[in-house]
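Shown below, as structure tokens, is a lone chain in the form predicted on its own; questions about how it binds or moves come after it.
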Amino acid sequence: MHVPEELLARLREHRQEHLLAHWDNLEDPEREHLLGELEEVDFAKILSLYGRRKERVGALAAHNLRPLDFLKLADQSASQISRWERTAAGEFRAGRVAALLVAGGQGTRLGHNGPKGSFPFAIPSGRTLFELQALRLLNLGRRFGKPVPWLVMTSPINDADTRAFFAEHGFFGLDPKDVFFFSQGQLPAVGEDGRLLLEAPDQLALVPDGNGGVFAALARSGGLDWLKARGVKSVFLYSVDNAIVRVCDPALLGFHVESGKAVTCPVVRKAGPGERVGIFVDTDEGSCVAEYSDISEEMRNAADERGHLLYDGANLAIHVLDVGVLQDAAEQALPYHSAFKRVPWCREDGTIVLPEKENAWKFEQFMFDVFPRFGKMAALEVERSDWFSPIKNSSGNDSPATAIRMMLDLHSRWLVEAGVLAPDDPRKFEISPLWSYAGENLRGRTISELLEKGAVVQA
């Protein structure tokens, strides 16, 4: 097997001949694999990104940041919230709502050898993140008489395992035809010297192209056409690691529809000026997310006369988007952001290096760079304890232990509010999302009845 002349010419043109250093020692299947990866690389694009790796890009390059205004859910009347929920009910019944899950990550940092969504994080029921989210969608589908389409973005490293996990668990009661899997894109990592890295003698060092890659991947896979063919208008986009995420929350969706905005996001108040989270801001172009490092210390500490931070409204990685936003983002390329990271690589002598410090550039697209194209977004402040408990670390903050505690506290609070438990009852219970989406269907029940029906599990 020979290297095609056209490919050789491209490698020479871009000074990447080193990628064939192991060619003579490879078997034909390995050579075929390497050729397939090299043929896919747009060397001019990658090296152009490398050349601009230290430039500031995206919506925030325009500066002129201003606080984003948002409504507070707790300040809304019961009748207003009921109206939003009725609006959402009409959307669900018409099949105009879908969920889009970003689930390309592995559970490696949690000591789990598999997709993060398949991580059983020791809640009483033993349910995984995937199952908790699936049961919430199943609950909504049954309530409104129409299944909620679910798109699941995997990555090349976990796509097969994710599909197998869903199949093994019978899609958690969902109809497989209502679930659409597609895989995130990847780009080669580039060393400090501008040379692309190999991960193995027959394999490029490829890294995910960022959460903004969801749009192009969705269109490329046929997922966008799948949504439009089903008549979907609003898509609830979220990340897999939030243990208490309210997937396709009716009140939020109703608020989105009635706002008339193309982009809607729930936000929470920052724990304090120093909390290292992204916040929503307005710019001259439109609304977007500013990371912690994007705003000055003076802006972080700025407060109003009541002592509330002016630059507040933390990003939960939850967005409700009109389908037109997905279409626009797929058709018009988002900018790439650069990050210097540790990337394992293969030397020309065949040894694999596991670097102890940053050694390579990776290029990512961020989904929030599409937001300013649609002007000012709608934002709704929600309670962190009701909405957000990410599992990112094996211990400490944002760990399985904190997620379990927050979930049990939330569910036990629902039982107290419904009169099922006395306020001083020390017991903790987990409620099945199939029985109660957000605290409903509990009033008038007894704890023994709920236990008998499998609606709750005691911790």
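Just so we're on the same page, rigid core means the largest C-alpha set that superposes within 1.5 Å between forms. The structure presented is a predicted model; accordingly, all values stated were derived computationally and were not measured. When you see a residue number, it is the position in the sequence shown, counting from 1.
This next part talks about the form predicted together with a small molecule, which is not shown.
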| property | result |
| --- | --- |
| Contacting member of 102, 247, 346, 148, with respect to the small molecule in the predicted complex [4.5 Å, heavy atom] | 102 |
| Heavy atom within 4.5 Å of the small molecule in the predicted complex - residue from 267, 240, 377, 187 | 240 |
| The small molecule contact in the predicted complex: residue 116, any heavy atom under 4.5 Å | yes |
| The small molecule contact at residue 278 in the predicted complex, heavy atom, 4.5 Å | no |
| The small molecule contact at residue 209 in the predicted complex, heavy atom, 4.5 Å | yes |
| 4.5 Å heavy atom contact, residue 107 to the small molecule in the predicted complex | yes |
| Interface stretch in the predicted complex with the small molecule - options 71-79, 122-130, 209-217, 320-328, non-hydrogen atom within 4.5 Å | 209-217 |
| Core-aligned CA displacement of residue 93 at least 2 Å between the shown form and the other one | no |
| Core-aligned CA displacement of residue 341 at least 2 Å between the shown form and the other one | yes |
